[in-house]
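Next up: a single chain in structure tokens, the form predicted alone.
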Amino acid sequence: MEARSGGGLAPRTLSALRESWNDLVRLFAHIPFGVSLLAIWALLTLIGVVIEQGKDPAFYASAYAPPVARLIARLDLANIYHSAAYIGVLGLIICSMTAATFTKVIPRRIPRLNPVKVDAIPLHATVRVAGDAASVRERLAAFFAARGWQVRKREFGGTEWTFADKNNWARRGVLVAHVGFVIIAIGTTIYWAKGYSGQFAVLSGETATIPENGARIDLERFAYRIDPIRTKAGVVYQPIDYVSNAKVTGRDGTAHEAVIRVNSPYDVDGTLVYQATYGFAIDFKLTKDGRPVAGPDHLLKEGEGFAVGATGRAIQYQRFVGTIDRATGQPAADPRPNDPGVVVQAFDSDRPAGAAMIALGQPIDLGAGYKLEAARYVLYSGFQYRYDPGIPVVGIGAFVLLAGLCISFYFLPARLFVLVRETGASTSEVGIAATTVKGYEVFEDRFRDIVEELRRTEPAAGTTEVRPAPVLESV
């Protein structure tokens, strides 16, 4: 009894496991479940776009409110593209697509050769021809083969069916598109696993290092060009070009001359360095009662600031003004440094205490004996860099995806179901039905032409009944 009981337990366990597996597959193949995964993926991607990635904790502490900064640190939102949650959601999306492909797409797009009820299909016709069933089948096979149809015969329950397919290979277009998406996902995963990106700024005459690969960028000279363009609204000053002349040192330790400009990145050891922006760094001088005191320890870029001694006040450099209109004392439209100045914002503790515009070389009084002077400006160049080893894979995936979409949209796979029955000693009845992957209406005219051509080609043995459906409510 125990042996029989134990022997019965294994089949029940296997049956339960099989049912659980089938439930899991049905869950992953369920369209709302797949859409939910895509929504979660989109949300995580949006977080990665909104929150700058790969910065130091101090950056987030200064850029965000304390609760938000703590949330970013605890949930590792600053490294979201490499997080287990992000990679896990991508894996689940691929599993969902795989389940949907094999349980829904393949059975629908590549159906098996099975008999049908001909007159139950909206596109169907009945033709009476002369000849016994065997000879009629052979003539029909030759008729369709001569017109480019793939002909196959199958026998079901002693009844022989003829199946004719046109563009049957195109049924796999959706599968090709799915494969393309998977290849793209693999390429992006390679980037998240091994790639990196970032940005940095270099003052003219100084050097910066890309931390991920140690490449050094020595900016020798930065030049830009702004041309005035006259429009109906007035003169507009449009940046035409900005170029960085630099020496770049890669793994080989040799400095190479490089010209980096917009839309023309420089490749250093597989990492592309892009010219992104530029600006004016200011050398601020702080004095108290006419004597120099400790101010900023480096040239400040837009957005940076420094404390004013022990006063509890701070100064932030907001923006560079290329030309000051001496008549009004306000910034002029021309951004080129003809008569330059800077706009600074004063803070008392955390409260704004007023803003002022300082002409270069002309100190302003900050109170309590302090004076601030914008002594000079130095052009700096802003670079972005990116190393993406998955780009070739993504390119292949995009090509495969496009090919699959083109196959799906521009080719129409159709299948004809043909059944021949003998109705007398020398006559047979041919029943024909047609289906496509895009419904019946798109194939209605073509089906009518096929039946009419068949009627003209085959020896008639009576009337011909053709009933293609017009507009189908059931499709």
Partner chain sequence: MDPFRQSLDQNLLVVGIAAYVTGALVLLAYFLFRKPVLRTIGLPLAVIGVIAQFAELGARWWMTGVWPLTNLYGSLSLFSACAVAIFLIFAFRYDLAFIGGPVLALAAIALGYATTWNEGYMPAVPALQSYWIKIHVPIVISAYASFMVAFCVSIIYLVKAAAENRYARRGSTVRGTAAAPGGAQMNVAMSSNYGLEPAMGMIRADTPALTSAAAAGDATAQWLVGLPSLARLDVMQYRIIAVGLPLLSLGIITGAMWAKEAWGAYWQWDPKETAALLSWIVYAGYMHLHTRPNLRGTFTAWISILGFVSIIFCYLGVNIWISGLHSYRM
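Numbering follows the first chain given and starts at 1. Here the rigid core means the biggest group of C-alpha atoms that line up within 1.5 Å when the two forms are laid on top of each other. Everything numeric in this text was worked out from a predicted model, so none of it was measured.
Omitted here: the form predicted together with the partner chain. The next part is about that form.
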query	finding
Touches the partner chain in the model of the complex: R421 (any heavy atom, 4.5 Å)	no
Residue contact check: A307 to the partner chain in the model of the complex, 4.5 Å heavy atom	no
Residue contact check: D241 to the partner chain in the model of the complex, 4.5 Å heavy atom	yes
H30 within 4.5 Å of the partner chain in the model of the complex, heavy atoms	yes
The partner chain in the model of the complex: contacted by all of R386, A398 and L401, heavy atom 4.5 Å	yes
Candidate stretches 352-360, 115-123, 157-165, 202-210, one within 4.5 Å of the partner chain in the model of the complex by heavy atom	115-123
Listed residue (A314, V343, L286, I391) with a non-hydrogen atom within 4.5 angstroms of the partner chain in the model of the complex	I391
Contact assignment for the partner chain in the model of the complex, among F144, Y370, F347, F181, heavy atom within 4.5 Å	F181
Sequence-ordered residues of 276-301 touching the partner chain in the model of the complex, heavy atom within 4.5 Å	A276, T277, Y278
Large Cα move at K247 between this form and the one not shown, threshold 2 Å, rigid core	no
Yes/no, D119 Cα shift of 2 Å or more between this form and the one not shown with rigid core fixed	yes
Displaced residue check between this form and the one not shown: A29, CA, 2 Å or over, core reference	yes
CA-CA separation of T45 and D269, closer or farther in the model of the complex than in the form shown [shift of 3 angstroms or more]	farther
